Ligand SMILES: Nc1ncnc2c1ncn2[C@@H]1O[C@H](COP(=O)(O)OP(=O)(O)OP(=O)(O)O)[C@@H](O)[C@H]1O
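First, one chain by itself: the form predicted on its own, in structure tokens.
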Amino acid sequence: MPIITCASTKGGPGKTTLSLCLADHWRRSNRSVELLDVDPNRNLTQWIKNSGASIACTAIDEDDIVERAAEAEARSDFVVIDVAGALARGLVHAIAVANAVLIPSRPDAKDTLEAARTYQNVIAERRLAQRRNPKATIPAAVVLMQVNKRAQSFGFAKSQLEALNVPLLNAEVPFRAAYQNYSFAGLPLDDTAVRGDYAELGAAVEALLHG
């Protein structure tokens, strides 16, 4: 069963929101899902607790990622890992165990540069894996978050990522007040529009997994 890592070397691009909403989308689609919270701040764990959502979420340390991800993979249809960018070792481990890596980025110059830096980590881990198995691959793509398609920054971000040869998922997360409102209580996917966002995003992620 696939392991999805949500990773960025920058704080604040939307890793926790992306992890939670994807997990909740698959849960609502009757798939078993487990979240692994590797961020020392435990924001994902707290969000799950506050919302009362019936999604398994385990807080783990970066040195335990490989073992705990394998355990979760054996019992769940999807495993989603939320890893803090400040954890260099954790970032490497979480990328190495992943079947796909999602790199959230707001349409902002600093975010897109950090997204490109994160993608270089994926390339490095892919090359290491290919030394053992030449066919090994780790699909990865940037997910643009808090998008306003009418804003120039959206086009600038896409152009910058394309210029840096960083793949972009063909689905974005629009800017919606629901994401801010539900950060205090509840789940974003309780909102119908957000459910639509993540139905499209979930399909794009599954396409990425299957090449």
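Just so it is clear, the structure is predicted and the values come from calculations on it, not from any experiment. In this text, residue numbers run from 1 along the sequence as written.
Just so you know, the form predicted in complex with the ligand exists too; it's not on screen, but the next bit is about it.
The ligand in the predicted bound form is approached by residue 10, whose closest heavy atom lies within 4.5 angstroms of it.
Looking at residue 54, you'd find every heavy atom of it more than 4.5 angstroms from the ligand in the predicted bound form. By the criterion of a heavy atom within 4.5 Å, residue 39 is counted among the residues contacting the ligand in the predicted bound form. Under a 4.5 angstroms non-hydrogen atom cutoff, the ligand in the predicted bound form has residue 174 among its neighbouring residues. Residues within 4.5 angstroms of the ligand in the predicted bound form, judged by any non-hydrogen atom, belong to 174-182 and to none of the other stretches in 55-63, 27-35, 154-162, 174-182. Residues 12, 13, 14, 15, 16, 17 are the members of 12-27 with a non-hydrogen atom no more than 4.5 angstroms from the ligand in the predicted bound form.
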